[in-house]
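One chain comes next, on its own, written out as structure tokens in the form predicted alone.
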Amino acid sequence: MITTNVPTQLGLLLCCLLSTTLSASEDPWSEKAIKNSVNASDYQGTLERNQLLELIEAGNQLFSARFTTDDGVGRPMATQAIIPTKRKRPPRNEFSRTAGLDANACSSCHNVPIIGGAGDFSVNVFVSEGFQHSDFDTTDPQFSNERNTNHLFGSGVVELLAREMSVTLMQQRTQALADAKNQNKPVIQALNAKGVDFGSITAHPDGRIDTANISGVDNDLVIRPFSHKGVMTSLRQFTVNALNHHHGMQATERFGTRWTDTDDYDEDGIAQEISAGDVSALVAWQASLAPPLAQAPTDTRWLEAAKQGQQQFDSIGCADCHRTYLPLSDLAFSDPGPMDAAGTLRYGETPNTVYDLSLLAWAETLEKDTNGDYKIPLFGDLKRHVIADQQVAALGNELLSQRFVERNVFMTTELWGVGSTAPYGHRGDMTTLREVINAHGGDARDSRDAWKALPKDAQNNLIAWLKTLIIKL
């Protein structure tokens, strides 16, 4: 078994061997961070343990690499837009905290409390989807949404949960259409996946579907589990987006000849900057990060307070959205995944690769339910909710919508790791757990009001429990 979130002698040995291999075509003093791209054809089918270990280590190196202009850093004639978009003229400054470039390495922002973790307020990103054709040099919220960095631990199982839930919702839609046709009348179908209610659809005999009552997911019923707004489908999509936005490192699967008719879309003189294999390595590393698990305090007073705090968490309704666990049937992570869309490699377009996450040491720590499913303790529901109202509006502070998701609607934040990843809130401008709980409005207003009504000791106990949900160093 292997683990990936702390150094091991085996990991260090593989790192040295891999560095030697990758450096073969470069001078040892080369200023390139990527000595040699990962060859995707070397990693196909269901990877054996050693192959998976190698690919994860390659991803670890890429995630920590401080990319340079020799690698292709910069996008002088391309914008930060997700869809390949040309500039009319090069920017005055290549690096900018607002429109990017804004980081030298992935680990520059994902590092609290360790690599792959969250980020401090100082590394906030600026999401400017509505201004993809222009540059701006202001942090005015009329031009961008300022977002704090999420941690990546457990992201592999989160994507697997989203895939299984999406399939369940689509099957319910298919069944509703069949029933409406057979019965020759409209059929109302409740949408529910892993116990999470996503509203309903009305299927008509002629094949039309009324989606007005869908709740918390897009009308295509694909759950997009990543980002504060829940608009990123997969780790692969997230990775390709981030490489271009933050570093100007452009993946060939989106910015290469297939979609743009050139292998140097950003016109920086470096062709084919990030190979499909490089993206796969980064995905494998992120998917392999261990899910954060609750750590029982050694302090007996803290332990007793935490036990009572979890009971308070359940009793005031927090667990309605921050669910204790969601069941997962399979730890086989296919890459590309079945929900990936244009702009990344897609399932069936390339020989598929499967990362068996059950080979990782942390998989043995996951409990199973009576059905034999893994109990994934994410304390979330992978559903979007209204999180602000007129009286309690702090978490609805954005002025721009993203991907047609309302400004006051956000994905439920998974609480695993929350004890290690201050600051809090979408902007990272709340320094304590108490502040962010007080800021819950909208769908969470009743739970927030129940929290406010708790005696001070009971509130402290709830905080004591949340502080046991840490990323293990």
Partner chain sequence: MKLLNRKLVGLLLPFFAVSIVNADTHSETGNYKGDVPSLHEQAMEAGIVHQYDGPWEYFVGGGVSAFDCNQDRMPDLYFSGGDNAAGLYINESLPGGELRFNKDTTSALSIKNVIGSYPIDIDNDGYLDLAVLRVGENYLYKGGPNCEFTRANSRWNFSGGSHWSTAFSATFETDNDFPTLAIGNYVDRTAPGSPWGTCQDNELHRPNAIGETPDFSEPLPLSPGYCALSIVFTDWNKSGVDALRVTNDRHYYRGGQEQLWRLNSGRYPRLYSASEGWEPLVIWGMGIAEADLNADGYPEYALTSMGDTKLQILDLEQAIDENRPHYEDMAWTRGATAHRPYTGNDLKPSTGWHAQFEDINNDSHLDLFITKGNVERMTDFAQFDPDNLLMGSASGQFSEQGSAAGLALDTRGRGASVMDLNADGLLDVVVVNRADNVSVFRNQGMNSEHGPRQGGNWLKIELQQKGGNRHAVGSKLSIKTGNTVQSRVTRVGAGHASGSAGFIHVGLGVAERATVRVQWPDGEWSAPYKLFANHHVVIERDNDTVSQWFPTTTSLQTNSE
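Only a predicted model underlies this, so the values are computations on that prediction, with no experimental measurement involved. Positions refer to the first chain, counted from 1.
Below: the form predicted in complex with the partner chain, not depicted.
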Selected contact from 186, 199, 338, 76, since only one has a non-hydrogen atom within 4.5 angstroms of the partner chain in the model of the complex: 338
Listed residue that, although the partner chain is not shown, lies within 4.5 Å of it in the model of the complex (heavy atoms), from 297, 269, 141, 205: 205
Site test, 38, 54 and 71 vs the partner chain in the model of the complex, non-hydrogen atom cutoff 4.5 Å: no
Exercise: residue 364 in contact with the partner chain in the model of the complex, heavy atom 4.5 Å: no
Close approach of residue 195 to the partner chain in the model of the complex, 4.5 Å, heavy atom: no
The partner chain contact at residue 231 in the model of the complex, heavy atom, 4.5 Å: yes
Partner proximity in the model of the complex: residue 358 to the partner chain, non-hydrogen atom cutoff 4.5 Å: no
Which of 108-116, 283-291, 392-400, 257-265 lines the interface with the partner chain in the model of the complex (heavy atom within 4.5 Å): 257-265
Those residues of 439-465 which, in the model of the complex, come within 4.5 Å of the partner chain by heavy atom: none
